[in-house]
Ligand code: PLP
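Read the single chain below, which is given as structure tokens and is the form predicted on its own.
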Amino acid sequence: MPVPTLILVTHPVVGTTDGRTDDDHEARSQPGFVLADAALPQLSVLDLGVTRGDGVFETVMVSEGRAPAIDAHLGRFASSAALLDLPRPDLDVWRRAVLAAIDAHPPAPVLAVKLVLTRGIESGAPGAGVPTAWVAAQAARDFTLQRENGIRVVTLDRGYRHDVAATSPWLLQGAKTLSYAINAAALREAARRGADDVIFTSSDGFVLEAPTASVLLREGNRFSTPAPELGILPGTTQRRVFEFLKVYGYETDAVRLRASELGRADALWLLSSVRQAVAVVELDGSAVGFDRELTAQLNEHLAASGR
């Protein structure tokens, strides 16, 4: 696998960083990031992002050199940081760092550009108290077959009520954190069941999200996605899909969906930045309607809006 293009973000948050402040003319005149060699060691083994998963990230899809949803990703990045009580990201620096990573990477049809912000080095160690931050760009995995043929999905209970984000905010539902062990375990469970992916449900029977995607459900001319108030990530790709559907007169809404509604749906999709729109053709062993034409239209729109 080719080495990713790596940008170390040296001024990642608003306020004091590396001994500089936003009022410092020298600090404001610097880009706030540097190009680095991803093949060399760059991260401390004492970094809390490694030892505790204490940090946040975003992955931005870049199509033919353009990032169509960068502002939405940056906004969600800042929201995740706030939920973890991390310092506020300097979004102007992060935007420039993403663009610099795109420019520095060899031409590729689709890039996945990951932004990472951690709490930094463990307390008591040299360098503690300063966030660690970087941007890495690499060629995206090819999901063409999944877009064309669809995927098999199983539902799994996430183990929380639908209102856990309100009742227990310390569980960090709705934040895109580096703690992805549960999501990875869920995907392994799906594979054990002969499936490709997962749709999480709440312990009281509401549809949530997939480990790395939003859920889209169609009933007639109405398209629905679970509401962010359920403690799930607001989908940037889902937002762009809704914009497309509204142009063609479809009804769209973000609501509480019962798990039982999945089985009655005319069609289902998982939506994510890099994979884009992938139809669910089998749910818990039962066939789901596959609208091949609309799936292709959705992906054409998502790809074209990146150029």
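Start at 1 and count along the sequence shown; that's the residue number. In this text, all values refer to a predicted model and were calculated from it rather than measured experimentally.
Not pictured, yet referred to below: the form predicted together with ligand PLP.
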Within a 4.5 Å heavy atom cut-off, is residue 233 in contact with ligand PLP in the model of the complex?
-> yes
Would residue 212 show up as a contact with ligand PLP in the model of the complex if we use heavy atoms at 4.5 Å?
-> yes
Residue 76: heavy atom within 4.5 Å of ligand PLP in the model of the complex?
-> yes
In the model of the complex, does residue 176 have a heavy atom within 4.5 Å of ligand PLP?
-> yes
Quick one: find which of 127-135, 189-197, 176-184, 91-99 has residues within 4.5 Å of ligand PLP in the model of the complex by heavy atom distance.
-> 176-184
Of the options 252, 63, 44, 272, which one has a non-hydrogen atom that comes within 4.5 Å of ligand PLP in the model of the complex?
-> 272
In the model of the complex, the one of 237, 118, 202, 225 near ligand PLP [non-hydrogen atom within 4.5 angstroms] | 237
